[in-house]
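First structure 1, then structure 2: two forms of the same chain, each alone, as structure tokens.
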Structure 1
Amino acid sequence: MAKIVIVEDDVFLREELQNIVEKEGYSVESISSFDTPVEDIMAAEPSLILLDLNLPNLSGFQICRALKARGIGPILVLTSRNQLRDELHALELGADDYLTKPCHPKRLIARIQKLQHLYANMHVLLDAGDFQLDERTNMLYAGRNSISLSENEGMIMKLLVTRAPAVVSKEELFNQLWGSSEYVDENILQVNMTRLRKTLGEVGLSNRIKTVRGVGYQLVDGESG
């Protein structure tokens, strides 16, 4: 049966949720340490994440965004914060549903099943907010535009998207693209970056790759131009 990961710092709520969900036949794994929640969630390979918003260290919002950029989901946010702007923010960052505590168990289960069903029929796209990347086919979807990236372009984009907003080192790019960081000619990476930037420009995604001098490259937001 599918595995649900519960991300909730309140022990009592966590166990209550676990009971509800296990009664329905799902296996459950709870995150109890909140030092590296994103890594812990990914390691569990969940088929659904039940996510609280008020957490120690990293907020639920940040976790939400990080998971979606890594193609992890679906995410059901379950929180006591009933402010509309929290809901809007969570949905905007990629949450797939938003429920407020207290929540009737049957409603929770129904929403969980809905999302499971939906995701069974879905592309698993890496979500970067205003565009999405299919890492299997290297298709990039930006609004109503879509374009097929080449292998190199796709691999670079995958690294940029999954690491965002962090900087991806040149060394890692070389490792992933050419199997070694002991490269002879650094220029080939620059050429491929130029080509990728040009391709992105063709679908309206200009100035999205920032160069970090001496280090590597970084995916940045498109709003501020």
Structure 2
Amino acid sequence: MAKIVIVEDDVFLREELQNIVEKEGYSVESISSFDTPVEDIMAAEPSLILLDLNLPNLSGFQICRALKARGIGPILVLTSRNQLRDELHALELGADDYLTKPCHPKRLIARIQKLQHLYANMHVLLDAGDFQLDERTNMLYAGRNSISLSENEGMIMKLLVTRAPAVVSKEELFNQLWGSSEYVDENILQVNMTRLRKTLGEVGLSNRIKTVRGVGYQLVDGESG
């Protein structure tokens, strides 16, 4: 089931949007705390984000930019700001669509369905600067070279790229790969990382994963790996 994440600080509008979207059969998660909105949205693993622009702490523009830099989307901006410059700026930052409030529920659902259809039929590339990862096919592109990653290699690289430059903990990797760290030998994770490094070496990226002893792994630039 597709999950819609609502990023709206008006509690009454947030509840109204949630009701509208849930009636169409979507799973909904609403962001109600705005201390770490980008991290909270990413953790929810959204199929689509409904994003207001006038928010506490970070603006919707800043959130949009941060999410798109990590390959997260699609993003449908829903805001009371009806100036053309605001719409153009949001689209320049990577927003996929822009609607102004008040918005008829049928129009909102139609736009959500359209974006869902578009994203279901397109490749989404996570950009790490000198290489890109297609998170749907696990194809990694480095310059003129490309290589197919295994399912586990793809899941590891997706975490490392989206969390960079932060360290991805072993616990998080265990949960992503095997659903839990319980009954899983740590050596299995080390074997997977060794295989991934060997695969990356085939396209000149062997030094991109750094082991942070006792903590986890980190995606770094080629010189500091």
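Only a predicted model underlies this, so the values are computations on that prediction, with no experimental measurement involved. We call the rigid core whatever largest set of C-alpha positions still superposes within 1.5 Å between the two forms. Here, residue number means position along structure 1's sequence, counting from 1.
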Practice problem: Decide which single structure shows the form predicted alone, answering 1 or 2. | Solution: 2
Practice problem: Note yes or no: does the Cα of S27 move by 2 Å or more between structures 1 and 2 after the core is superposed? | Solution: no
Practice problem: Superpose on the rigid core, then tell me if the C-alpha of Q113 is displaced by 2 angstroms or more between structures 1 and 2. | Solution: no
Practice problem: Indicate whether Q132 shows a C-alpha shift of 2 Å or more between structures 1 and 2, with the rigid core used for the fit. | Solution: yes
Exercise. With the core fitted, just quote the Cα shift at T162 between structures 1 and 2, in angstrom to one decimal.
Key: 5.7
Self-check item: Rigid-core-fitted C-alpha displacement of E151 between structures 1 and 2 (angstrom)
Solution: 16.7
